[in-house]
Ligand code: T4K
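Shown below, as structure tokens, is a lone chain in the form predicted on its own; questions about how it binds or moves come after it.
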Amino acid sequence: MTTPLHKPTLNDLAIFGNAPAFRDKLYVGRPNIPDRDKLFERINTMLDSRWLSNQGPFEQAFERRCAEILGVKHAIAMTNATLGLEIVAHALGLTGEVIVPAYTFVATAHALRWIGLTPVLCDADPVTHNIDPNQVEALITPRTSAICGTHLWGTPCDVDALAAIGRKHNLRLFYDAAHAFACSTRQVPIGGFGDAEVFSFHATKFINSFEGGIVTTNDDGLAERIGNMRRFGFHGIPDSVKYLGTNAKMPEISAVMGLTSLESMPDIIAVNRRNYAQYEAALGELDGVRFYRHNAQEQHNFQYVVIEVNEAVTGISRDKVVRVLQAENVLARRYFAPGLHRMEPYASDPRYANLHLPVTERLCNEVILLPSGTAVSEAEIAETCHLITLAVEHGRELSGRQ
């Protein structure tokens, strides 16, 4: 049990000026590290083979294992997920406009803008935080070629509704699945929906390959184009170029880390689930704080612990709660503030100047992502929850909302 802290006084930097700080900073997204002995054993095998890139045996093994876990025909490893999104868009032959959520990581839109497409920003569903299918159809124009949804926090988009819209308007459909490895919808693993899905294995993801990504699809022709485009467009025999391509090959060292991380996946999920349950028990019924719950009937990686702070109820803003936590070395984060339509290069683009996206803007003002993963202890979670509870209770006192 955490020792109660002193009665706090409020200032702009911290509420708990004399509270005991954590010895070390507690970060959102601190990497999960798999079995070091297995990792170094594989690294030595890689070095002995002198095969460091260009679809080596570890990369191929990593692709096969991901395809097995996700239940898909093809898993194509990439340098990172951003390049994966770009290559998928190229391979699908997209032109003009692509409808994307405004509440997502900037790479979702940047990947499209970078290759000359126009992201059309859609508001979010208030419960799932994903793209709202009810608003997608109104954004479709003669220039629209595709819809790209993001499975935020590992929660699946409404894949049935988006698929129906895509069929009705003859649009391609693909997903940014950066958060969603080892998650499911209707007991079906995320990975095989739409034309393709793109996963991230960046260091902050629950399974990481230092840096990397993978594209999954059940379309043989699309898989062939994606696989060739990631290696300069080469096809089959050496120096035979079939497509315009780039260099997005995953190096062997990343595949080594990815394979070793996959072996630790059950243990990592177990820790994440424990952390999530501890946070839920402490914060799940806190007035003015909505605890984002994952569907207990589905598979989930439990990597993301998300709360929404309603200032109208608590009397304290989300940003002030974040400052309180950061003053105590809990480096919780706002996500994904301020929203794509409020950041460059979109904010100064006339196409986005008058967008009214009320759910996105509310989420940008209320969401906090809390530290989780194998680097976080139960004691640290307990202290973090205690700090949030005290901040909220103190906010009510200041505003007379006891």
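Owing to the predicted nature of the structure, the values given are computational and were not obtained by experimental measurement. Quick note: we count residues from 1 along the sequence shown, nothing fancier.
The next section is about a form of this same protein that is not shown, the form predicted in complex with the named molecule.
With the named molecule left out of view, the stretch that reaches within 4.5 Å of it through heavy atoms in the predicted complex is, among 227 to 235, 90 to 98, 171 to 179, 290 to 298, 171 to 179. Using a 4.5 angstroms threshold between heavy atoms, I43 stays clear of the named molecule in the predicted complex. Contact annotation for Q135: none of its heavy atoms lies within 4.5 Å of the named molecule in the predicted complex. Contact annotation: V322 falls outside 4.5 Å of the named molecule in the predicted complex, judged by heavy atom distances. For the chain shown alone, F336 is a contact residue for the named molecule in the predicted complex, at least one non-hydrogen atom being within 4.5 angstroms.
Among T144, T260, T82, T185, the residue placing a heavy atom within 4.5 Å of the named molecule in the predicted complex is T82. In terms of contact with the named molecule in the predicted complex, the residue from L283, M265, A203, A161 that brings a heavy atom within 4.5 Å is A203.
In the predicted complex, the residues of 90 to 122 lying within 4.5 Å of the named molecule by at least one heavy atom are, in order, T104, F105, A107, T108.
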